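Single chain ahead, by itself, as structure tokens, in the form predicted on its own.
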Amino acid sequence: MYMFKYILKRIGLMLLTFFVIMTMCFVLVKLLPVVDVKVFGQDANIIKMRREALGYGKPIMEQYFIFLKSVIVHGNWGVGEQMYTGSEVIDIFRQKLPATILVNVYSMILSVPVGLLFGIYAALKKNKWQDHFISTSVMIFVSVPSYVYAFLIQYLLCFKLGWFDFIMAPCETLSDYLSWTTFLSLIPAILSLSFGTIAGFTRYTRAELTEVLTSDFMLLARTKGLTKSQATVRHALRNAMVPIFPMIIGQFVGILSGSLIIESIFSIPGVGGLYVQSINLKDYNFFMLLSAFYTFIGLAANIIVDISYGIIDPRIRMGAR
């Protein structure tokens, strides 16, 4: 019962936060100058009709309620003005989404097991040279932004060694996205996204497992006759994974928000590059849709992480006094 009330409360707060953020984005966007429809040439009539339908020229709050009704009831986010002129914003978004999902899913598939293995190994070799080497490497990789890795990978693997292409292979159908050629062309972007995530998982896993290995119940398990390996696998890893698994779940939910710059660097036709382009070109309709998308993904990831604590470990009673 406590868990059910807690989930409802968190969802309510999430929706309130989402509403406040989107309201702020809409008001700030409407305070910016609007491009005259005359500059759109043959698409001017389409854009003019869409603007009239969305209440352009009316008070901002009236425009906002029209906008909410249009989005919630009809799923209408408007048409592109500065990019993909005259095309439905939601249609372009759907076309771009598979590439973003693909590169981030591949990145997580690589990052999670490698990060966990390095973290476990460092914890088992605590205060030895292996632990010091991994810990130092982790601090370096955590501190460096992903776009720096992207430039290094482009220079070393793509330019000097010529192992991979500089950009993602073109895809027209779903089968193209899942092809081996596309996967190979995505490897530089996958590596660029993975280094920081692997370092984060390694540091977190090492810290949690090191603390568990020095707990009193581990000494009790050894005195009962378990070997070090048995006690580590049966007790230490299971207890250390309680705070780590929610982190993994949150990463999988939030994968769509992690590749804004990387998509632009490697010319990946995803929503990340689309978002950056919409900001640079001041295409307000694309900006509103993509802001809503990234805001919702971030809020949903936080909620799922919190809820997963209570599911993974029943001893944690979320919402209980």
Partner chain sequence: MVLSIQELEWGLDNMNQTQFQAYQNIPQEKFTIVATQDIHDLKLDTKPVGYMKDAFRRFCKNKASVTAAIIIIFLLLFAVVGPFISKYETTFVDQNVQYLLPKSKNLQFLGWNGYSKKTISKADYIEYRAIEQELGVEVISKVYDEYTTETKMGKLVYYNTYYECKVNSYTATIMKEVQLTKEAYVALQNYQDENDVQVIYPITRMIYFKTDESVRADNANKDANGKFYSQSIYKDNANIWYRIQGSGNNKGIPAGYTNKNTYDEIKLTHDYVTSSLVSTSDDYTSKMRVSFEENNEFKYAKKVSGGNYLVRVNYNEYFEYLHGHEPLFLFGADQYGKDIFVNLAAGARFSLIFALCISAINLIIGAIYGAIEGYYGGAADMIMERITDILGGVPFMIVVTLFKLHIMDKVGTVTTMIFAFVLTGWIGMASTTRMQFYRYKNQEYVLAARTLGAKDRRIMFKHIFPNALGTLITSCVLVIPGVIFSESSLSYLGIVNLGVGGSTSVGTLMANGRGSISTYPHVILFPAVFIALLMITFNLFGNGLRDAFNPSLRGSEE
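What you are looking at is a predicted structure, and each value in this text was computed from that prediction instead of being measured. Numbering follows the first chain given and starts at 1.
Another form exists, predicted in complex with the partner chain; not displayed. Remarks below refer to it.
Taking the partner from the other structure, the partner chain in the model of the complex has no heavy atom within 4.5 Å of any heavy atom of V34. When contacts are judged by a 4.5 Å heavy atom cut-off, V276 counts as touching the partner chain in the model of the complex. Looking at T181, you'd find every heavy atom of it more than 4.5 angstroms from the partner chain in the model of the complex. Though the partner is left out of this view, P145 does reach within 4.5 Å of the partner chain in the model of the complex, counting heavy atoms only.
For the options M139, V114, L97, L219, the one in contact with the partner chain in the model of the complex, meaning a heavy atom within 4.5 Å, is M139. Stretch-level contact analysis of 117 to 125, 150 to 158, 181 to 189, 70 to 78 against the partner chain in the model of the complex, using heavy atoms and a 4.5 Å limit, identifies 150 to 158. Using a 4.5 Å cut-off on any heavy atom, none of the residues of 57 to 94 reaches the partner chain in the model of the complex.
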